[in-house]
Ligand SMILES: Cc1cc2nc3c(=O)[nH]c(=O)nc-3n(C[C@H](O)[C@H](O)[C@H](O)COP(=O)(O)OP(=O)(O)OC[C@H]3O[C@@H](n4cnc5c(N)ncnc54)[C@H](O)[C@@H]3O)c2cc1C
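Only one chain comes next, encoded as structure tokens, the form predicted on its own.
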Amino acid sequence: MSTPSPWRPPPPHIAIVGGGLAGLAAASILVGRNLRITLFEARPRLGGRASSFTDPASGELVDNCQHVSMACCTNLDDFCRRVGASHLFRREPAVVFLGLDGRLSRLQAGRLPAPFHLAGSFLKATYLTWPEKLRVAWGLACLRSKKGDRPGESFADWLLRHGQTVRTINLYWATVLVSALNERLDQMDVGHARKVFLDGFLRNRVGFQMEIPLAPLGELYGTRLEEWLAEKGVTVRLTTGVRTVDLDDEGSVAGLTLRSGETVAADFVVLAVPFDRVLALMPPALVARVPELAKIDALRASPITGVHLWFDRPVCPLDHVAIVGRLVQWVFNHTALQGRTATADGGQYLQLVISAAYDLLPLDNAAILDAVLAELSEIWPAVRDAKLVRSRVVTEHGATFAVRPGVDALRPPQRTPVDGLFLAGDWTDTGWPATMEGAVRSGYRAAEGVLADLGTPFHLVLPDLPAGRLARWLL
């Protein structure tokens, strides 16, 4: 007579709400640890804001807005390697800027060590005069110290106090920061601006280099991730909205109630949703009991507008370019980057990015398109002779959280006072601005909390790129 096998409890169940990068990062880092993982996403696709839609004319995936990474984004790089997508990015050794006079400048590392590795190419920039370059250099030198910071001060005011002019602010500081942080300088937190320049450009020789995706975001973070997660045993439930987080009699997490009325038991819940959805998923009694969570309600969003243009012929001679001092901030040539054309016979497909697009919100798409085409015609006269085969304007009103002065005081940690409940999202306290790197870090930190509570603590968040020896001393 055989001896019956001893009963073993099922592995802990982790419910992740939200299929954006934060939720995907949490799920990816928890696989292979003897856990049951279910990811719930209300929409019919994964990827969150880093997603695509199907172009009805061509049937191709078209990104809502171009997303790029930088070499300093160590955890996003780790995530892409983990899920087998790192080969779908192209690293650019130089950032190309197009000045108002039509001349190009390339920011690339020279022979000097960090933080002076970019000095040679910066001094060759054509869109600033020599006195203006000296002013910018002084501003960068002042930025390394927090001693002169004033609580509640915007970065625009900080710049004026540190010797910058309206012209250097518009042509240099805004060109870099508005697209990096998706906020206007007069509404931007000084600390977040400092983070971009010090960690992105000065501490490490390669940190500034861009990583440009060679495939649509819907493929990178959508279909490919769905297949990868399924192979790893993660249950992905698309078009499945969550109504509320459920608590037990002791006030700990018990699971979820879905919009359909179905209840799902869970040992841990990771809420990886936009900040403006968090409180709606919490039981009112919980919000009243944990007043610090109410600070989330004070966060605000910042918009991005993406403009998609399909021309019957090539009009842009570059793969990508940052536009200095104009409405359009970036142009990405998807014909060169991804091999996609306007028609079966050829042509060119461009994607344009306008960050912190507050001024465009009152305009209709036709007015935005007219303004963009007028600007492109000034930059590249070939636009005037080309036929616009089709176009698409996409404005994401809540593209990122707004990095307003003092915003970090509103950003909660990933661990909440409720046992078993964690938050994830670039808007949580990650030490990073509203970026894909911040989203991945938040997912990793939420996963660290889950593992710690299970008695298997593990450090998952990777460190920043190492600072050069001279950079460590000077910065």
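From a predicted model like this one, the values you see are computed outputs, not experimental measurements. Throughout, we count residues from 1 along the sequence that is shown.
Unshown form predicted in complex with the named molecule; subsequent notes refer to it.
A434 is the sole member of I37, A434, V62, I29 with a non-hydrogen atom lying within 4.5 angstroms of the named molecule in the model of the complex. Scanning A272, M188, L159, V269 against the named molecule in the model of the complex with a 4.5 Å heavy atom cut-off leaves one residue, A272. Mapping the unseen interface onto this chain, A447 falls outside it, with no heavy atom inside 4.5 Å of the named molecule in the model of the complex. Taking the partner from elsewhere, V17 is found to have a heavy atom lying within 4.5 Å of the named molecule in the model of the complex. Taking the partner from the other structure, the named molecule in the model of the complex has a heavy atom within 4.5 Å of a heavy atom of G241.
Mapping the unseen interface onto this chain, H308 falls outside it, with no heavy atom inside 4.5 Å of the named molecule in the model of the complex. Partner contacts here mean any heavy atom within 4.5 Å of the named molecule in the model of the complex, and among 402 to 410, 415 to 423, 65 to 73, 52 to 60 they occur only in 65 to 73.
Residues F40, E41, A42, R43, G47, G48, R49, A50 are the ones in 28 to 50 with at least one heavy atom within 4.5 Å of the named molecule in the model of the complex, listed in sequence order.
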